[in-house]
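A single chain comes next, written as structure tokens; it is the form predicted on its own.
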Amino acid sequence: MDWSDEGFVLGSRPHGEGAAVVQLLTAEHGRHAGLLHGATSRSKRGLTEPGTRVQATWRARLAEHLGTYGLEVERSYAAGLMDDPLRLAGLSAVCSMAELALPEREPHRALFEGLSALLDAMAVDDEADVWPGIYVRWELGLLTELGFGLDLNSCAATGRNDMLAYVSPRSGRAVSLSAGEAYRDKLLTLPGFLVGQGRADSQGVRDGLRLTGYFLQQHVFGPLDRPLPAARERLGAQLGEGGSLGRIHDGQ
């Protein structure tokens, strides 16, 4: 059997002599592995860089087999980000999260489209970076796709949707500023850009990463007795450092 699909390379590992097992996030077949022969050759080395968009053909005798890939590069993102360590960290983080959090061979078209939008935003070099906010939204979508979506539509205490400022770590529901003020030390901050209140500034991105990171650890990685992927931890550390978000202007 065989299929063709578009996908993004998430990662690869050596297999045998000169080959590699490549993990893709595909549009219609989800996270899917396959064997790429000659992966270490000069002509194919760029095919296995995380974030590379490819046209993939997969073939196997039976559906449950590993199968083999034929890959053609459509766009390589990593090469254009080499001079920007923060964007490279973002690319590494999103690919690691998709590879380690998503179940194999389950379609997640929304995450595929979100990854495409994120990498396109990373590739734009302008005065104000917007990609960190898109990254936070991608992780929020990851939680939703895995069945752990947060309810940010209305306050858990009042049922209203004005001045939402916190999220309950127990229920994953939003809490308004007035209802949550007395318990603010026990609640997670809800950045306004996630509920339509302005755009993602530097503090909002940091709060967003803490929010999604908490629930990803609680519901996805914690039950597997794993921490968040190291690449995700590095991104969080870099985004939290003074000056790292210098081009994400307040109010952007």
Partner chain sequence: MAAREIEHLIELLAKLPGLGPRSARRAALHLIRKRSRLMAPLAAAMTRAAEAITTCTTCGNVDTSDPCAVCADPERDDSLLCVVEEVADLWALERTGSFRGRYHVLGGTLSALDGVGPEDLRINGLVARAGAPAVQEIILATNATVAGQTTAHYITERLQHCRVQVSRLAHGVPVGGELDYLDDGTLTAALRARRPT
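Positions refer to the first chain, counted from 1. This is a predicted model, so every value here is computed, not measured.
There is also a form predicted together with its partner chain; it is not shown, and the following applies to it.
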Report task. Can you work out whether its partner chain is within 4.5 angstroms of a heavy atom in all three of D84, L88 and Q238 in the predicted bound form? Result -> yes
Query raised in the report: Exactly one of P50, G192, G213, G67 has a non-hydrogen atom within 4.5 Å of its partner chain in the predicted bound form; which residue is it?
Result: P50
Report summary line: Heavy atom within 4.5 Å of its partner chain in the predicted bound form, from candidates L102, A78, C155, A121, belongs to A78
Requested in this report: Work out which of the listed stretches, 163 to 171, 108 to 116, 144 to 152, 88 to 96, brings a heavy atom within 4.5 angstroms of its partner chain in the predicted bound form.
Outcome: 88 to 96
**Report entry** Contact flag, A231 vs its partner chain in the predicted bound form, heavy atom cut 4.5 Å
**Finding:** yes
Query raised in the report: Does the 4.5 Å heavy atom contact test between H15 and its partner chain in the predicted bound form come out positive?
Result: no
